[in-house]
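One chain comes next, on its own, written out as structure tokens in the form predicted alone.
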Amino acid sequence: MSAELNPTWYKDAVFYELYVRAFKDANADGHGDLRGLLSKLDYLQDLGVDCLWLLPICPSPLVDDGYDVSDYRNIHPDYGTLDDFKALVEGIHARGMRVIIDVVVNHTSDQHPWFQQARASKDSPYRDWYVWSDTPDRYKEARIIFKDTETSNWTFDPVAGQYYWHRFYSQQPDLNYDNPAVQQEMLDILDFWLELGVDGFRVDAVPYLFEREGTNCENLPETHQFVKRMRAHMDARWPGRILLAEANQWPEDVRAYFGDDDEFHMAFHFPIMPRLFMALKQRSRRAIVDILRRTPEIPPLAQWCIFLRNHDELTLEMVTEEERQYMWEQYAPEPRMRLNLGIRRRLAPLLDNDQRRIRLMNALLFTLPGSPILYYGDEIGMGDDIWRHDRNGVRTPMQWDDSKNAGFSTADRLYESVIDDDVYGYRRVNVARQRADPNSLWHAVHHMLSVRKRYRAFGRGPFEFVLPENEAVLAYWRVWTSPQTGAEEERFLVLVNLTDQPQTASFDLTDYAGRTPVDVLNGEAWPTVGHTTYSCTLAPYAYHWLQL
């Protein structure tokens, strides 16, 4: 169904985040490319993916893996051409899927022609496209985000004779959004890609667009004003296309980015993610319950995006100092596993490759409030390599089969070698092997996604905890009520055992006496609900999606 006919398509969608360079190499140069991705669309459709999210694809010196853009209106030559991109978008839409791309609004590369002209002369019309100062003493209350590499948010440029402002790497000067020309240019860039057929954008580093003295330069009112302008522009010209906010903030701060359904359509719920891992180690639901209870209501058209892992480190910015130390002790005991304020590991290694826990976490991902995002390779439990530079260890080539280079490329040299260890190596962990094994993780994920698609409660319905006395058991309602008739059409009780021991729990379900819960994942009928307390025993790491 077209976006115009179903403008809230994103509420039911399952997103799949992929790094084009890592996915499939069609021209044997060692880099994944758009033609390679085109050849794998049937795989993604079969898995149950509704929308692809592509990491940056524009030309870039790759200091920050493409988040340092040097040309907003082209494709990085490693990935192909604009014609290849058009063919990819057509292929995605032909399969009933959608695609969003990263747009980097906060900063450019220092190699971008705008910056090169800006630094060359104070008289350049581009000088005012960036933020300059004669002293590095301004905006002192703004934190440094890349603590491991940067000591200041200001860098002196000897050509310009001034300092320029950057919130990330020094090679990524921030744009000056107080300049109307910058704002207009960014809207024109959105139009360029929307004309090519993209279904929306994941908007990078949103909270940092403006700077004001005496503030931490995050989440400023001016930033929200510009976001409202972006949304109005999209709604007027491109109905049904979406904006997804990357704002790594506390839920109450992110809530503001939905506005009154006049800012972002979607935003990542960053704080829930570390707490899912915390709950497993603590054998208690408390961390999950606390953060979701702290999460404000959002407007009717808005939707959270939730994820277990992505292309960055597992961020621990939105936890307390005590919780951060606990997560590092539990999940990153070796210093090399840590990066900035996070952990550079993939999902399967984080969970010690325990298939029960990996499946349980996916069962949570697909039933908690919001639209889920799968990170490429996590559907087969790919591993990582903490000894590689920066975050490269979680951005290794996709493992398709056990042939040369895991079926990713026929080249002799790759942008990054495939994982080839005894546990996660491509000969053991690959798509072909798992698709041939009905008991594999791939089939478990595929099955959960196919079941999820049958119901609207998981993507659109309200969420309510049902908390038994036993804290090791997490339980919640997902309900769908027809907006037309007001009648309840779907009601699910999701049950999860967060431990490696059997757990008993009791619930007051007397309002549903006479109904027989059925686990939609395996078709198994449970005892009929009566007029007394409903008790059950859950196997270790069990998860059930009970339809009443």
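Residue positions are given as counts along the sequence shown, with the first one as 1. Only a predicted model underlies this, so the values are computations on that prediction, with no experimental measurement involved.
There is another form of this protein, the form predicted together with a small molecule, and it is not shown here; the text below is about that form.
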Residue 326 near the small molecule in the predicted complex, any heavy atom under 4.5 Å? no
Is residue 64 close to the small molecule in the predicted complex, meaning a heavy atom pair under 4.5 Å apart or at it? yes
Would residue 312 count as a contact of the small molecule in the predicted complex, using a 4.5 angstroms cut-off between non-hydrogen atoms? yes
If we define contact as a non-hydrogen atom of the residue within 4.5 angstroms of the partner, is residue 250 a contact of the small molecule in the predicted complex? no
Counting only heavy atoms and a 4.5 Å cutoff, which of 135-143, 326-334, 211-219, 164-172 contacts the small molecule in the predicted complex? 164-172
107, 202 and 391 all contacting the small molecule in the predicted complex, non-hydrogen atom within 4.5 Å: yes
Considering the small molecule in the predicted complex, which of 378, 246, 263, 384 comes within 4.5 Å of it through any heavy atom? 246
Using a 4.5 Å cut on heavy atoms, which of 452, 119, 395, 285 is close to the small molecule in the predicted complex? 395
